[in-house]
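Taken one at a time, structure 1 and structure 2 that follow are two forms of one protein chain, written as structure tokens.
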Structure 1
Amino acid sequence: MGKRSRARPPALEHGAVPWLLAGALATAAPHAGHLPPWLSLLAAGALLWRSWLWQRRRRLPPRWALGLLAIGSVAGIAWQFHSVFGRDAGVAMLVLLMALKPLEMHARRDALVIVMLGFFLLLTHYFYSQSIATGVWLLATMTLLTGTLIRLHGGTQPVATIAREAARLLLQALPFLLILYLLFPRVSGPLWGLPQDAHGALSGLSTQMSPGSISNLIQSGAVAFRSRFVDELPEKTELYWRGPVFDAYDGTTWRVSAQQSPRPAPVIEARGVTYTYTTILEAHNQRWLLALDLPTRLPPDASLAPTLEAVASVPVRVRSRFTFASSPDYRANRGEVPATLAEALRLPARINPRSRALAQQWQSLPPERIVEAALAMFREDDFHYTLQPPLLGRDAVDQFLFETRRGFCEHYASAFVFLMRAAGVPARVVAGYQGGEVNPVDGYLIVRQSDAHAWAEVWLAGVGWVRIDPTAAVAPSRIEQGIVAALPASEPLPAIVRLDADWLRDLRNRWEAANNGWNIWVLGYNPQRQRELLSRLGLQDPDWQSMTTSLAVLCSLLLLSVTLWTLRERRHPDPAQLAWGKYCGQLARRGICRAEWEGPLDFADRVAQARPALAALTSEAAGHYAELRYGRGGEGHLRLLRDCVRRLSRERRNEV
């Protein structure tokens, strides 16, 4: 009988189930936005079902039913993602396991599986977000899971006591966390290799531009990048951040040219003030680095493309930091190669006849006068700047210039470049961002997706490529004051951009400054920053061997310190613990042994079942100890607990 009792896994206490369900919900719920709706509903339904079974004390469903449900759900995941591997499919599988496991949870070991799965599932949240809010949520959830472990092994206790003990345990782990964070050899990019589908949701400028593409991007308030200048900030009208250059046009869409012929390196002549600045660029899965037009000094592993945009050697798939020098006043490629100029004059045939006819009237003028004539038309005629222009047909430029006259920056840039090419002036479309807003809290200039912009560029003999912004002729406030000043309140701009109240704007600035600091000092702690920090601490030219040695030595010293502190504490035993140990020792001599994991109240219940004659005394002793250990018990409870020890001793002597 005794052997069978020891072999049987400890049963799960009824009062511990809500802790486990809360942990499952806290770890799985943030993934609802990344999962198919049917899977989120299935997971929520499974947890609600288990809660109902717990409340009504009903039996759990049979294993064959859970097996069928699990097989069907896995098949659904495979059908949804076309695989059971990869980031999204893998996370979906973990959430499914977390939702179904409580439905077969009978013993404590099942509960431990849920807790360990919860700790693992916490890591997957960083696949989707690495913000401060995510870190705070994960810290709170980790405290909840730790508290669940305490509840499983410590029995019924006040929630505040469990929370306090969980926080104490996590604080004890904090020194190890700091040592591992500072000294563990860093790798470039994320700590774990992300699967191929990890960059599918990144937003930003594309390799092509058609009517509506940038106006759609404008409706996002997400940060595209942040820049901090060493000295003064350029004028707002000079804040053109150069991205992809479109020089191939099919009548509807502008694209980056696919021409692969070798071209000479660009020749840049800086004429005015040169600004030095550092940019923290958000991941956008493209190679362009969005430098201030036009960069004269580039970071390592970057180059200037023949179309004058700064590009990295690989796509930017993680938040990255770059240092540039740029001169807004420049002369670029005054001696341009004929192939590039030919590409900048090419137009598809038999489209936009009215625009071609207008451009032919200007062909006798010098190129500078042609540019002025087109800008004067935009400035003086009844053109409107709007995010909601009418749809255009096959002859889109004709309809825009002579009929609708309502458009956004891509409409004006596209129409202007078409006119220039039709008039014989080499021209192309440049996409990027214009403007930005300085955060007074940390001094960074924040450029959002809502600052996306498109402008034109023409080549003039003896001068080179010159930036022309047709939007500035129609809506000069867009360039001088920003997108909000150029559009009426009815236009669909993001709320974060339209903040009017000073206190809301201040709150936003403080939150974004905190996020920027988190990005720089936590998420941006890369191998370079690690080497800089360790060099300041005395580790010159640290490599992975020296860092591993330092890591092992410091962790060993920390473990030794914790061990010595623990031994010192054991020399002064807790009086309540000592009295309770004496009581349990006397019961052990009577054949009732308390397991180390068993809480006082649970142990008292088991004693009552095994020895009803000792039920009242043991329940009284366990209550006093629980109040001393986990509640607000004082000297009175300690005296009563010691009295229980003496009474149990007298009963044993009387039995003898």
Structure 2
Amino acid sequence: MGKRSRARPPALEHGAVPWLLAGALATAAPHAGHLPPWLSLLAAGALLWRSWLWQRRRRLPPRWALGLLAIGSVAGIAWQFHSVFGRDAGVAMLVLLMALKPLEMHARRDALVIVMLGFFLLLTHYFYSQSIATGVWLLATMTLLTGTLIRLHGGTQPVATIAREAARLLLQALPFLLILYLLFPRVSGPLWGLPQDAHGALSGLSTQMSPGSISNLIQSGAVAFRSRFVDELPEKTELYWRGPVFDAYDGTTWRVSAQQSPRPAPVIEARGVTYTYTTILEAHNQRWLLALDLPTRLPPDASLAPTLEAVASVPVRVRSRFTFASSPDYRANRGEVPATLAEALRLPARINPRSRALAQQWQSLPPERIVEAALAMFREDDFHYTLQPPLLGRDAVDQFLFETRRGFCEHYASAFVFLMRAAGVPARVVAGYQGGEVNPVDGYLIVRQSDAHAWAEVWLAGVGWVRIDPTAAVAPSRIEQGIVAALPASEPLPAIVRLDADWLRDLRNRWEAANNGWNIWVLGYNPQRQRELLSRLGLQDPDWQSMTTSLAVLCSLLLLSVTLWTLRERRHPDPAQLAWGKYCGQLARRGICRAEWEGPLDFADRVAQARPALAALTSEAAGHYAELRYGRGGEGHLRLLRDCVRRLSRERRNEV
């Protein structure tokens, strides 16, 4: 031990430092987005400082200064996060280490620490983002780190050579990557605990609707879900994706009523065509699944709410796949329970007197005619469809129907349902999405937040719940062609929705198809998909034991074939090489390996230093081998060399 500590560790080459600094920067930089700014600045400053020291060939800062800096920063992290453990604080600590370690990088050992730390830090990026961009960045950084290792061990080489070599090494790892990816037993849900508010910022429909809530949602071009139909697509006017159903109104806001009494399961009579489709739903932290009106077949862990929307048993917190069958032509709940019908007639007292008066004129008509009358009013009077309606006061429906007459789908749905209830027709507001756009690249129908919509539903005796969309009466193009066609260019719609140039639209479609593929094949590869894929590959009902077994078997087979392939060239070594190989192999099992490039006598010298007990025998064997291979030694030497091999193994047995 004493001897080893006196020997100086291999020095770090000056030319390798930029590689390490680049690696440190590449692994730490993407964290700048969620680290406290002071820490990002500190890390950037430390790396800049190190680059300056490198460029000027200055000495590195003294240990006490680094120690102070490290203690101060750890205290800062502890103060900021109230802990040094946990996801954020842990990542902050790692970034700090990555920034400070280069400042005490003297020997190659320190450089290796940085590379290993870099590989570790790479993983932490997946805590924050799992997008394609992150994947590409991490792949590039992994190549950079591998290149740094090559540079550290291989000396000065052109960057292109190193990059090629690193890429080649990573490509060689690809088969193992695929095997591990496919077969490593999956766990559902994230491996680490996420903070409580992790899902707070997700956008989507909410459990209530007040004026402006949907027109705000429409400002977002984010994807709500993607659907692929097994056969053909339904008509655009049939694409009503049902979300929450609002049946309680307080004068301004529609809410999902909190009915206590259990209601019977809904009864749906489907007629005509049935469409089967698979939806990939983005996380929205609510239970509704946005099935097409009305679902007739549901995925196993979902059910149909009494208000006819498909709901999951738990809120959707990760992107998930669901397969539905829906029929646009249906009779739903013809025998609705009285409690629900009563709820669908309830109105707050003493508001909107003018609307009530109008509705009372219709009360004598049959319900179908009442609906007709209201729609005719929207269609024929001077109503406008706009994202920027004037603000409404206390008697919102009155103001809207008789004064402003400018509104968005929520205004029309709300006013229509108010009129129906006032006229004695059970009615409620349904929120969801309407329409969607087919991406020609992968055939998925993309529904965005900007497709959010609200419509009405009335209950007619003998027919059940019937969908009525008052917006269609005002702006038929909204339903037939989509939101972009229905709104003039001056209305504030997200740019991604309103793309005029064909090539931009094409680019967007390709990018979204790539994202969708990534979601399905990479992020969506969950235990269920794994089971599906494996049973398709012949592994029936795989549990984690059989997965682990096949993992081990496949990896071993792969390694074996690689080994055989590399050994192919050396299948016929001469007897001297064979015997010497055996001798070295026995020594390797005792912990002394001959380096590939080490000549026999040099190796014998090293063995003599490491294991004086084996010095004489090894030197003898090396001498015979040298004579055989490099001298003019004959059979006699070969016999003696083989004898050395036997003596070594005998000695080994005696030791044991």
Partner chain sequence: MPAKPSTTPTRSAIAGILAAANTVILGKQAQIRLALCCLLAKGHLLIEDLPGVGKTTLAHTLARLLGFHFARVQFTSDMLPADILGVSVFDRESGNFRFLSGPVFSQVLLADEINRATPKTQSALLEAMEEGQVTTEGETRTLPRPFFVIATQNPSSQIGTFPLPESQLDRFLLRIELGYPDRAAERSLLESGGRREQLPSLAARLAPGAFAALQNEAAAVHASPALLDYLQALVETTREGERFVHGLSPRAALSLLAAARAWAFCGGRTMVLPEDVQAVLPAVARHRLRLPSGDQADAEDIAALIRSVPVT
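Computed from a prediction, not measured in an experiment: that's the story for all the values here. Think of the rigid core as the biggest set of C-alphas that the two forms share within 1.5 Å after superposition. Structure 1's sequence is the ruler for residue numbers, which start at 1.
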property	result
Chain form predicted alone: structure number out of two	1
Yes/no, residue 384 Cα shift of 2 Å or more between structure 1 and structure 2 with rigid core fixed	no
Displaced residue check between structure 1 and structure 2: residue 316, CA, 2 Å or over, core reference	no
Core-aligned CA displacement of residue 108 at least 2 Å between structure 1 and structure 2	yes
Shift in Å of the C-alpha at residue 532 between structure 1 and structure 2 after core superposition	2.4
Following rigid core superposition, Cα shift of residue 19 between structure 1 and structure 2 in Å	7.0
